[in-house]
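As a starting point, one isolated chain is supplied in structure tokens, in the form predicted alone.
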Amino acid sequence: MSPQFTIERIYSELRQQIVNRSIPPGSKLSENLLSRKWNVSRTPIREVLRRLESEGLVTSHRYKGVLVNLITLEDVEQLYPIRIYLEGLAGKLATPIISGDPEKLKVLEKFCREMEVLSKKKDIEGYIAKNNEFHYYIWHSCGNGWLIKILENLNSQVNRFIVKALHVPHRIDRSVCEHWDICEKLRMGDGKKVERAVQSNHRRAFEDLKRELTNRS
């Protein structure tokens, strides 16, 4: 296995653990422990940590070592408006492609039905995974490669606090309805309405999350 392949594999796995909060915010990442976990020297681990720091997922402190960045109200207020705008744009661009393809619409409707089941079970982790599949499917139909790359990076940050948003009372039930609304607007083929529906979904999550973080601060 080449050194570069090893770095990419460790980076991908560690990044995913941070994004899905398997490694919680505030956790310390020990080079020694990570080296033993993946059975590699500390050199590739340092490269992986540098890449994660450049993405804003971790921070290297002189005396504390490398810590997973905390989720703050300031982060939410800075990142969510960007997400709201760009995901709305992706939805608008994807509309003619999805609305003209019954199979694509069926895929999104299947996601919504699965999200309904997960919401009734109060399976937050499962719901988040399906929610991501729903939105990723729309972006990847938008036809703009740069927009897709930007959204993928942005959402690796935002997904770290979606867990907290969905624990807001009744948020998950409202989320299901909002996703069905996006499907309906896509079926109508109206790009502006899809844009507004996608933005409304994220704006409501943003407002609920801000209230939750403010109440607990």
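Basically, rigid core = biggest C-alpha set you can superpose within 1.5 Å across the two forms. One rule holds for the numbers: they count along the sequence shown, beginning at 1. Keep in mind that what you see is a predicted model, and the values were worked out from it rather than measured.
Absent from the display: the form predicted in complex with the DNA. The rest refers to it.
The stretch that touches the DNA in the predicted bound form, counting heavy atoms within 4.5 Å, is 46 to 54, out of 170 to 178, 46 to 54, 183 to 191, 152 to 160. Taking non-hydrogen atoms only, Gly65 approaches the DNA to within 4.5 angstroms in the predicted bound form. At the 4.5 Å threshold, heavy atoms of Lys28 reach the DNA in the predicted bound form.
Within this chain, Asn32 lines the site of the DNA in the predicted bound form, having a heavy atom no more than 4.5 Å away. Residue contact with the DNA in the predicted bound form: Lys37 places no heavy atom within 4.5 Å of it. Once both forms are fitted on their rigid core, the CA atom of Asn32 lies 2 Å or more apart between this form and the one not shown.
In a rigid-core overlay of the protein, Pro44 has its C-alpha displaced by at least 2 Å between this form and the one not shown. Annotation: Cα of Glu152 displaced by less than 2 Å between this form and the one not shown, core superposition.
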